[in-house]
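Okay, so here's just one chain, in structure tokens, the form predicted alone.
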């Protein structure tokens, strides 16, 4: 009897040339793990765009299916935590980098990497949130832990039209913050205001030369950009302001002075989403399910078929994607 196969978008550099194509893949290709999942949806994140286009060294080995997150239904389970028919979500843990990724109709993973799909949320909506939205939620929680509360000064989100930024705008607005969206694409102002931003400003506000300290404005910030934007952001942070930094699309290095830190007590909090412990993951997902209504999630989303991922990968790495791109791996 022939071995079961499934479709996956595979990056293959094993022959010396680089191939990116949708292939039929044998089940034996999948790595070991306690849970076999039939994937319904993945998402296209910036990191996935780098992996597919080859613009960044994301994949640790090939052949490999990229896709750093997925949502689907359990087919087989050797773990008491899950049973066939359970709907689950996965983000992080090196999937789509070191381990077979979400751009695949099947995947086999460790049980501890999975989170039950929150009640009231569809698999498609879970991936409309995906790694980007999960990271945005972690940033919001970081601001809260460090004392930034609604009702005070404004908070700003940089790279606001992108995946992490757009969800951060929506989450912060729903929590009662006065949110200002910073973007290099001012044509997206209506989209960002529909998500809850009270104002939209040009990212050049932060990248333009300025004094070491400008007038206090921001109680908190979610920075998805890094580089010069992050460096410039500190100048206008208010006393005891908090910056949650989670991205580097604008560069991995930045320059600032010590004055925001020693004269205003500004804090820089790094946020990572790959190795977050399971308990914190579940809490973050439950908070997302509570705070983001389905119609708002749907407003953020464009759904594409698996075969469109290479073209959209070029788009996302050129900072031309708005909101969240959900990949229907079965279309």
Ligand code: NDP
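Residue numbers count along the first chain shown, from 1. Values in this document were obtained by computation on a predicted structure and should not be read as measured data.
The protein also exists as the form predicted together with the named molecule; that form is not presented, and the subsequent description refers to it.
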Checklist entry - Using 4.5 Å between non-hydrogen atoms, is residue 180 touching the named molecule in the predicted bound form? => result no
Next on the checklist: So, residue 316 and the named molecule: in the predicted bound form, are they within 4.5 Å at any heavy atom pair?
Outcome noted: yes
Next on the checklist: My question is simply whether residue 235 lines the interface with the named molecule in the predicted bound form - judged by any non-hydrogen atom within 4.5 Å.
Outcome noted: no
Item to check | Contact flag, residue 203 vs the named molecule in the predicted bound form, heavy atom cut 4.5 Å | outcome: yes
Next on the checklist: Check for me whether the named molecule, as it appears in the predicted bound form, comes within 4.5 angstroms of all of 72, 118 and 285 - heavy atoms only.
Outcome noted: no
Checklist outcome for this item: Checked 91, 135, 125, 104 for heavy atoms within 4.5 Å of the named molecule in the predicted bound form; positive is 135
Item to check | Of 129, 161, 243, 140, the one that lies within 4.5 Å of the named molecule in the predicted bound form (heavy atoms) | outcome: 161
Checklist entry - Which of these stretches, 76 to 84, 162 to 170, 105 to 113, 142 to 150, has heavy atoms within 4.5 Å of the named molecule in the predicted bound form? => result 162 to 170
Checklist entry - For the stretch 74 to 96, which residues lie within 4.5 Å of the named molecule in the predicted bound form by non-hydrogen atom distance? => result none
